[in-house]
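The form predicted on its own is given below as one chain in structure tokens.
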Amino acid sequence: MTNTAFGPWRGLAPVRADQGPQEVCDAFARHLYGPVPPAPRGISIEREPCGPAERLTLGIGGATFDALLWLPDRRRGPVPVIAALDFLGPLGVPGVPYPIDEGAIICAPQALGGEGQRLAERMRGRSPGRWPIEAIHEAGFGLLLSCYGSWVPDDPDAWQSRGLAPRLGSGYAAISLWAWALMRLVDAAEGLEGVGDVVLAGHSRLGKAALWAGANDPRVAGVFANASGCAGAAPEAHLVGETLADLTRRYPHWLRMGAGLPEGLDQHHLLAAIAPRLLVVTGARDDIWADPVGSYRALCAASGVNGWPDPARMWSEGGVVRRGAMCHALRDGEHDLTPQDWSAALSVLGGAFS
């Protein structure tokens, strides 16, 4: 693999007009992610104030999972909500007295205080730029946020013995379980008065999960995937950055055993399965490992429309490019979810849903 943005390009098979989302999801479940568990019979919701937000305790099959909901003060009618999983969850957002989930097992960057695998007080308020509540509200959205490690430990040993895996049975890999968790946040949003459309958002591994959940759940109105990389928006056909072999070696719990894509199937098919719903893919110039150029090529191929700038022009100009329901944004910088990523995404989402 090359460590430059542009590398060998094998090309992508056309998206077939007769290949529906279910057929695509079945193929990805067989070859890459493994299946998504079936929906639970029901979900209960307990609500209580938590500073400027509202704490939701979701009861699912005898287990409980917490999320925090922020809604804008000024609203008319149902409010669209961005639902997401995060490394720290609500603990990383300043200004909320959110309790620490001592059972969560995470793998967070050191910049967020992630020296260990457990949530800790030193992490409180460490990710304000990742979840800019004021900007999200100004765009007309609420935010529903939960910690991914509370649902599925991000650990190759502990993930099968704690969280969702022992409750849902064997045969499910972590990304599919995180996708299932996102779909339960959609369940919760549907059960709340005054909440409208739900858009899924995610960064890095959780961008992969957001794409996979969006493809599987037609209730999802749109997806914002930032720096999702290999097994996300970046195709295997672009020989740049992380590969499936790299990913499965470092994180063997994320994908099904023996994960690999057959000829003719690549990540642009997954992106196309989200259409005609809105899809925003963002990346950064210094984040070669997540292959921003390949992700752009996949988005162009998934869109089925012409008129996208060629990759070299996209790379040199950066900024937001939109064709139909699909949008791409490139910024300077490294692997992170930043206010600039949100500005690009909200400029598109705000006009579509609010």
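Residue numbers here begin at 1 and follow the sequence given. Please read all numbers here as calculations on a predicted model, not as lab measurements.
In what follows, reference is made to the form predicted together with a small molecule, a form of this protein that is not presented.
**Student:** If we take heavy atoms and a 4.5 Å cut-off, which stretch out of 97 to 105, 270 to 278, 75 to 83, 204 to 212 is in contact with the small molecule in the predicted bound form?
**Tutor:** Partner-contacting stretch among the options: 204 to 212.
**Student:** Can you work out whether Leu143 and the small molecule are in contact in the predicted bound form, taking contact to mean some heavy atom pair no more than 4.5 Å apart?
**Tutor:** No.
**Student:** Would you please decide whether Tyr172 lies within 4.5 angstroms of the small molecule in the predicted bound form, comparing each non-hydrogen atom pair?
**Tutor:** No, Tyr172 stays farther than 4.5 Å from the small molecule in the predicted bound form.
**Student:** If we define contact as a non-hydrogen atom of the residue within 4.5 angstroms of the partner, is Glu242 a contact of the small molecule in the predicted bound form?
**Tutor:** Although the small molecule is absent here, Glu242 would touch it in the predicted bound form, with heavy atoms inside 4.5 Å.
**Student:** Taking the small molecule as it sits in the predicted bound form, is Leu192 near enough to touch it, meaning that at least one heavy atom pair lies within 4.5 angstroms?
**Tutor:** No.
**Student:** Mind checking whether each of Phe87, Tyr251 and His335 has a heavy atom within 4.5 Å of the small molecule in the predicted bound form?
**Tutor:** Judged in the predicted bound form, Phe87, Tyr251 and His335 all sit within 4.5 Å of the small molecule.
**Student:** Which of these residues, Ala165, Leu247, Val186, Leu265, gets a heavy atom within 4.5 Å of the small molecule in the predicted bound form?
**Tutor:** It is Leu247.
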